[in-house]
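Coming up are structure 1 and structure 2: the same protein chain in two forms, each one given alone as structure tokens.
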Structure 1
Amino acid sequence: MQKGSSNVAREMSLLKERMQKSQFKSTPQRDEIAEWVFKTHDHFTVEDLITDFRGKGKKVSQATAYRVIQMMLQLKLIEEHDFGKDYKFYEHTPGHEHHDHIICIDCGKIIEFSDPTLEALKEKITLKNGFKMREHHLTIYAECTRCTPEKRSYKSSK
């Protein structure tokens, strides 16, 4: 899942570049949080971020964490997802082209997928309805084979 740490350096440059363009100042807190975000290749919550920092003895203020996430969202370096929970999920976008999600309703596992036919169809439907597509989120809630293999064969244990 990790794609080599050189990517993080590249993504940090991208961050600096976009921050300058939007007149955001560079600070140690922003750098540290952004680095964590770029190193994290799973979907995470702000709570996850804070917990991980504190577990490693690093200080983060909740306010700053939320503010840096908002900034990165604005700089289009992360994407926000609503997976039906009370809190929001995030994932960084550099190196992660658009994709949709399948979430296991039993174990919560999140799988990403990307299908060109599906994308083309979304676009076509949107146009047909007189709209110009900007963003789109497809989330499929499903049962994964590993979670409930017995449910898929001819005899259930239930």
Structure 2
Amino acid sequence: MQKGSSNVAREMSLLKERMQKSQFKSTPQRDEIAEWVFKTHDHFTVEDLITDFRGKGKKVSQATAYRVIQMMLQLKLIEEHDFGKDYKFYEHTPGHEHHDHIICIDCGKIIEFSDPTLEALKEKITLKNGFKMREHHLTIYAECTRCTPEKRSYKSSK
């Protein structure tokens, strides 16, 4: 799950460069939060970040965590995902190729995938309709094979 420290150092350098260009000030807490984000290779919530910090005896307010996440979104260092929950998921983008997601509607399992044929089809559909694709997010909601039929029946009857 953890990348090598050289990649995190490279990503932190990119953060500093973009912060300077956008006139954001660097602070030790911003740096610490950003480093945590770059070391995290799963989709995460702001609550995950706060819980991890507090579990290690580090103070971080919810407001500070959200401000740093918003700054990183603005600097295009992370992406925000709405996976049909009451909260957003995030993932960092430097060093990661574009990918799409499949989400299990029962257990919440998230799978990342990339398919060149699907990418070409999305581009073709976009052009056919008079658009030039700049970015996109594809999320497929499905039932994973790990979830039992009983669980599915229970969930769908709610």
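What you see is a predicted model; the values in this text were computed from it and never measured. Each residue is numbered by where it sits in the sequence of structure 1, with counting from 1. Think of the rigid core as the biggest set of C-alphas that the two forms share within 1.5 Å after superposition.
Both panels show the same chain in isolation, but it is structure 1 that comes from the form predicted in complex with another copy of the chain. Core-superposed comparison between the two structures: the Cα of residue 12 travels less than 2 Å. Note on residue 142: its Cα is shifted 2.5 Å between the two structures, core used for superposition.
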